[in-house]
Ligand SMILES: NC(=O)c1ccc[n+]([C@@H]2O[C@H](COP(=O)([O-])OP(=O)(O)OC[C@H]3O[C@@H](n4cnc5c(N)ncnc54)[C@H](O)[C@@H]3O)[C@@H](O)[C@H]2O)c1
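What follows is a single chain, given as structure tokens, in the form predicted alone.
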Amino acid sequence: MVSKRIEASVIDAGRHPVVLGADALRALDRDLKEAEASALFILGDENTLRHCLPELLAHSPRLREAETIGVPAGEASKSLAVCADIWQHLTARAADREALLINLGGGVVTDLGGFIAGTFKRGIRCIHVPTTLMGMVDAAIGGKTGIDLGGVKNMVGVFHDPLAVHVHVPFLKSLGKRELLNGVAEMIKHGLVRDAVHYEALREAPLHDLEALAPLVEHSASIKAGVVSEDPREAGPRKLLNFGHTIGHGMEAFSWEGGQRALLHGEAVAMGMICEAWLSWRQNLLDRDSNDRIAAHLLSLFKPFVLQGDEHHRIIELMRNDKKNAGGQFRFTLLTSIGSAQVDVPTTAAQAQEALDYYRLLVRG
């Protein structure tokens, strides 16, 4: 009997492939056969194990023998305590260095699972199966892993490349609007720093229509993979992908401390992009019209986060732990136009505070 041909496309992300298309999960089953793992484990959160695991098992029968490991949904799972529990679980199951961990979830699960795999017994293999838009276009691609420490995002981590990333777009049916927009923020970032045509396509796309969104998901994943393949360990061009993240990470961590709603990563990055586009204009890198278009677009998609003037100092303080800082100064990725950017632009705390003031006054009208 002739087996059915697998319909999947493969994008090169340098040290690992990204597999997309109708048969991405069937391709995963084939990859599992070739991996010849001594044991299989599936890490997921309470949502992905409920909503996505049955579909994964239907397409990848070899995973039916895998043991599942569940963690609570949300950023709080990216902690040393959760890592210790999983390391102990793997130890109790006598997992050896030929074991294989399948990370089924969004950015939290792939960040956490990649870190677990990269550190357990000095490294075991893993495969990412992202279930959120954020994971499909950004978080699962590139080998970055990390957990949070002391309220600072991704403070502890290692580079650990998965064997592959398998993207199954139908998983997005399980997402609500807020979670979908969370990933759209990273897609917008890809367009702003690398591809103006992609950015304009996103401006026009009906984001609620998964059929219309699917080719844009694949293109965003290819942008991320292309940048990563040029610079796997973030020595240069990969820093382009940090646009919106220096201020965004500070605002995200600040939101966890109380007061208003806790921000999703993409929501914080959207606010960071508004601030950092303005900084691009202030430093004579970006024209004012482009800055205004970017701000209006992002404000049309994401609910404002109201800031008080006396809160800026705390956000700046949280930003000081940013991994991109050097010599006691902030290093920003700033736009030179829609579709291109410059990395490692020195920026003072006073300039960053001005950008936060700009955002505060913008959302207050």
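Quick caveat, the model's predicted, so the values are computed rather than measured. The first residue of the shown sequence is 1; numbering continues from there.
This protein has a second form, the form predicted together with the named molecule, left out of what is shown; the following refers to that one.
S.K.: Just to confirm the contact call: exactly one of 172-180, 119-127, 281-289, 196-204 touches the named molecule in the predicted complex at a 4.5 Å heavy atom cutoff, so which is it?
M.R.: Flagged stretch: 172-180.
S.K.: Report whether the minimum heavy atom distance between Thr131 and the named molecule in the predicted complex is within 4.5 Å.
M.R.: Yes - in the predicted complex, heavy atoms of Thr131 and the named molecule come within 4.5 Å of each other.
S.K.: Find out whether any non-hydrogen atom of Glu75 is located within 4.5 angstroms of the named molecule in the predicted complex, and reply yes or no.
M.R.: The answer is yes: Glu75 has a heavy atom within 4.5 Å of the named molecule.
S.K.: Within a 4.5 Å heavy atom cut-off, is His51 in contact with the named molecule in the predicted complex?
M.R.: Yes, His51 is a contact residue.
S.K.: Is His190 one of the residues lying within 4.5 Å of the named molecule in the predicted complex, judged by heavy atom distances?
M.R.: Residue-level check for His190: no, no contact with the named molecule.
S.K.: Of the options Gly113, Gly272, Gly107, Pro162, which one has a non-hydrogen atom that comes within 4.5 Å of the named molecule in the predicted complex?
M.R.: Checking each option against the named molecule in the predicted complex, the one that comes within 4.5 Å is Gly107.
S.K.: Between the named molecule and Lys239, Gly248 and Gln353, in the predicted complex, does every residue show a non-hydrogen atom at 4.5 Å or closer?
M.R.: Checked in the predicted complex: no contact with the named molecule for any of the three.
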